[in-house]
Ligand SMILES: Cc1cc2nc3c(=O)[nH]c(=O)nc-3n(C[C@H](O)[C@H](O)[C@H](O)COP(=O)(O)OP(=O)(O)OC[C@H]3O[C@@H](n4cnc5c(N)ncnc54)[C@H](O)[C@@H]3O)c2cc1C
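Read the single chain below, which is given as structure tokens and is the form predicted on its own.
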């Protein structure tokens, strides 16, 4: 099928308003970097995303599933495939109570902040750590997101996953193989999180809100939230902290063009305004080289790449 016919089919499935051409990816990533996606489609329910993926697989089209773009660095040339965004698949609600536990179900595009507020307002404890993470449920499950001693692994019960053959299978927590910034979703690239279920215990609402406020203040104090970034640039090396290694290597404030190692927190590479992917790549490469040269530690990117190697 010709590309124009595929676009026509995508419009049939999703509606004209949900399909756009040459969409700048800088608008859809927290790094504010990235050239145009050839086609950008944002299904507004799970059935449509399943049909969209079925079409793209059938036509052997390259595609990428996008959440909030909070952990992504896109090439300046953009992406030649089709971006499938979960931004409109974002419902979250309390599902049931069972003994001491209350269950929340959230779709892949729901923001972690939204779900954490829902839990807090319902006096449910265990999700306070997620309040300031600028990602979606789908991305958080995929990478077992965490902060301040908590992680998705602590609270998830199951996830509905779209399989390579088009079936939707419910994975238990154990089947998700959640580990530090990893899961079976990342290992098996064709798997897509559609929704997830979490279990929480009742807590004291004022204490929960106070904890979330404390975490939020700590983020503002320690992280360069005034600049665009993709969060922590590198995974934590075993036995070390990436930010300290980078600082000890004398790289605080190291800059190429409009991208630099944050002076506030060396674990963050930030876009100070108008930065490019090439500049970010240059900063990242230099940081990795220097840390390996000086300390013999290989830093591994936590940020995902799109459109470049």
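All figures in this text were calculated on a predicted structure; none of them were measured in a lab. Residue numbers count along the first chain shown, from 1.
The same protein has a further form, the form predicted in complex with this ligand, not shown here; the description that follows concerns it.
Looking at residue 223, you'd find a heavy atom of it within 4.5 angstroms of this ligand in the predicted bound form. Residue contact with this ligand in the predicted bound form: residue 147 places a heavy atom within 4.5 Å of it.
Residue contact with this ligand in the predicted bound form: residue 115 places no heavy atom within 4.5 Å of it. Proximity of residue 65 to this ligand in the predicted bound form falls within the 4.5 Å heavy atom cutoff.
Proximity to this ligand in the predicted bound form, taken as heavy atoms within 4.5 Å, picks out 223 to 231 from the listed stretches 223 to 231, 163 to 171, 204 to 212, 74 to 82. The candidate spot formed by 133, 136 and 192 is fully in contact with this ligand in the predicted bound form: every one of the three has a heavy atom within 4.5 Å. Only one of 159, 124, 140, 104 comes within 4.5 Å of this ligand in the predicted bound form through a heavy atom, and that residue is 140. Proximity to this ligand in the predicted bound form, defined as a heavy atom within 4.5 Å, singles out one entry of 34, 69, 43, 275, which is 69. Annotation for 78 to 102: the only interface residue with this ligand in the predicted bound form is 86 [heavy atom within 4.5 Å].
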